[in-house]
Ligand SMILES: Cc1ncc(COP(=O)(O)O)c(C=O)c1O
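Single chain ahead, by itself, as structure tokens, in the form predicted on its own.
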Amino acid sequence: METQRQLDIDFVRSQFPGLDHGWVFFDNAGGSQILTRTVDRITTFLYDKNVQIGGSYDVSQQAAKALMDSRIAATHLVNAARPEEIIFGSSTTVLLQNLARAMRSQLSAGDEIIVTISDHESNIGPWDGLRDMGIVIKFWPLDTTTYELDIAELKPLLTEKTKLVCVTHVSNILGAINPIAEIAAVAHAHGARICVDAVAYAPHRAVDVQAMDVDYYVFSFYKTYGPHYAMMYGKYDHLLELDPLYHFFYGRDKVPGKLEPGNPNYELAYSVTGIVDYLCELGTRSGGSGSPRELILAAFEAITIQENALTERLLSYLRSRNDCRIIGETANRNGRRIPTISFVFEGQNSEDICKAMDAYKIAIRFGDFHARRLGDHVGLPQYNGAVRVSMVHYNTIEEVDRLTAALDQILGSNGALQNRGAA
């Protein structure tokens, strides 16, 4: 039997300086801690290669190489077919807005786009904004008893006019992994393409865009151990068809440049090489070997084992309380849940719980997390929403236990909110 990959947690935590300040960071779905080596890449570029690409002189050539190295690193990260399939941008929200703009010439009045109620607004709003040109927006419903998207309910929505299916890989509230390859197959069988918001998935599991056969796939690096930046993968032939977003002399064949108006941020793009370098070293330390892609896979195997333990530790505590409603699956069946867990306590204000937790130096969050349609759909209390604990692989079982002990003190055994301060 193959030995499970073991995560070297001491090595992991040594790579994130922000973990040294006494706080427990359980707000990682809002933004993870950043790796030392990604910051090093940023400063290296700014100090040594901070010029415009395209020049004949040596430093400009080095800057161009650094940008290409960034695309190659991202290619390894998601298993794209070629570096030109990587588009950089300031955020997932902006990249999806740009994609919607760049698709306009492909769409006509009466065409249909399917979105899901369970998505972050980033993957609903840009498509909903196309209604002004006659595009029909259909919502794929979410079962509020199972918290799942049922593919059987997608199929009747698909017609010969369906151009795009937009779906999240993981909801940033529900935490369950959607079967993207299966959804893509159904969409393609009906002549539609698929656009995936992977912000809540990419920090937790290895991404393989070719195996899933997705057409567009977008996520943010600031939630994946890097700076506030993002990337979009697109199949090369599809990118060629998109409208240029840059100057008029950037033709349709100028990929990826035509989709990066004003050029990408070179130093932030270069930092992606640090994320991939870290994952490769983590894969080696976890017993992996081979190519960068193979090492990334080994790293995420070890990450998954660690995160499954964290997920079950917190879920088991929440299940033990009779005053808690978990928003989403209450167990991590077959590792289908990532460690982003939202919940409400009966009769309690989620904001008050989070503010009380501040005294314990444990960072959690409350609200609807820019998935307001989903929050309304599943009946989250308006405005204050749910409490969300979002963990990643650098978190530990001891930190989860610190959180649950604090919850016991804050809520009390009778469920009455009482901030007793840090123990």
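As the structure is a prediction and not an experimental result, all values here were calculated from the model. So that there is no doubt, residue numbering starts at 1 and follows the sequence shown.
Form predicted in complex with this ligand: not shown, discussed below.
- Checking A299, I338, V199, I180 against this ligand in the predicted bound form, a heavy atom within 4.5 Å turns up for just one residue: V199.
- Only one of S271, T116, T224, N172 comes within 4.5 Å of this ligand in the predicted bound form through a heavy atom, and that residue is N172.
- At a distance threshold of 4.5 angstroms between non-hydrogen atoms, S122 is in contact with this ligand in the predicted bound form.
- This ligand in the predicted bound form is not approached by T284, whose heavy atoms all lie more than 4.5 angstroms from it.
- Using a 4.5 angstroms limit between non-hydrogen atoms, S91 touches this ligand in the predicted bound form.
- Contact annotation: V392 falls outside 4.5 Å of this ligand in the predicted bound form, judged by heavy atom distances.
- Residue heavy atoms within 4.5 Å of this ligand in the predicted bound form occur in exactly one stretch of 253-261, 128-136, 216-224, 69-77, and that stretch is 216-224.
- Residue A29 is the only one in 28-57 with at least one heavy atom within 4.5 Å of this ligand in the predicted bound form.
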